[in-house]
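Okay, so here's just one chain, in structure tokens, the form predicted on its own.
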Amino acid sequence: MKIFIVGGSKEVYFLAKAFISRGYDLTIVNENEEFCKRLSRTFKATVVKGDGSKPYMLEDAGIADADMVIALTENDPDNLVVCQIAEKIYGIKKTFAIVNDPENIQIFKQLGVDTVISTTNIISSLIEQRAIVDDIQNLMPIAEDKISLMEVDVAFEHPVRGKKIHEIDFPKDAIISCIVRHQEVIIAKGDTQIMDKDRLVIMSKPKVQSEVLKCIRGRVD
């Protein structure tokens, strides 16, 4: 796979390391000359110094051969331009853009960007969730913050202890996907019984997380 990254700073190092370790061909376009030099010395990738929002620069860097384009600049309009050039001119279906303003998510999607991520939404969501409950683990937003994955430890006094999953009045927008018990992973089914010290791996919509916690522990905080 050929991946084309425009803009970005520290996150580019982690992406480059991950992509190259998987054997992907990587091209990086960035305006910062010193940053480009460091990338060139560190990774076996094509690194181009230039403004990735300019069509001629993208073409010269080889965007036409890309399978995926990732726009990581600090400017939302530039990220939109990069993705639209990739899709409309070169027919690249996999486009990924970071937006700094969460209100731009729907606009980007309506204009054809394949995947849009708001770092602001993700960070604020994690902070809000941690502020509400401080003893759940691995809060992870999925599908652009529409679904969250979390782990909750079951204690002896929790009302779900000893019950089978089908006996629990769980919110309809949440499921127990699996249970970690003594380092063993159990795929959750209706007749699976929840035991003391189980760790429940739960997938839910963010809006029902409080209901989920109340159901498991009999309280939210």
Partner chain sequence: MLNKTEKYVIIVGCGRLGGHLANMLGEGKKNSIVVIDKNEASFERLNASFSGFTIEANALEIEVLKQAKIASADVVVATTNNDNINIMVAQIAKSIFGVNQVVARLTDPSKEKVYSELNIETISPTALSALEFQRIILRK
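The shown structure was predicted, so the numbers you read here are calculated from the model rather than taken from an experiment. Positions refer to the first chain, counted from 1.
Another form exists, predicted together with its partner chain; not displayed. Remarks below refer to it.
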- Site check Leu80, Lys88 and Gln110: each within 4.5 Å of its partner chain in the predicted complex by heavy atom: yes
- Query: Quick one: does Thr119 come within 4.5 Å of its partner chain in the predicted complex, counting heavy atoms only?
  - Reply: no
- Message: Whether Thr192 contacts its partner chain in the predicted complex should be assessed with a 4.5 Å heavy atom distance threshold; does it?
- Response: no
- Using a 4.5 Å heavy atom cut-off, state whether Lys54 contacts its partner chain in the predicted complex. yes
- Contact between Thr115 and its partner chain in the predicted complex at 4.5 Å, heavy atoms? no
- Message: Quick check for you: of 33-41, 180-188, 158-166, 46-54, which stretch puts a non-hydrogen atom within 4.5 Å of its partner chain in the predicted complex?
- Response: 46-54
- Mind listing which residues of 162-187 have a heavy atom within 4.5 Å of its partner chain in the predicted complex? none
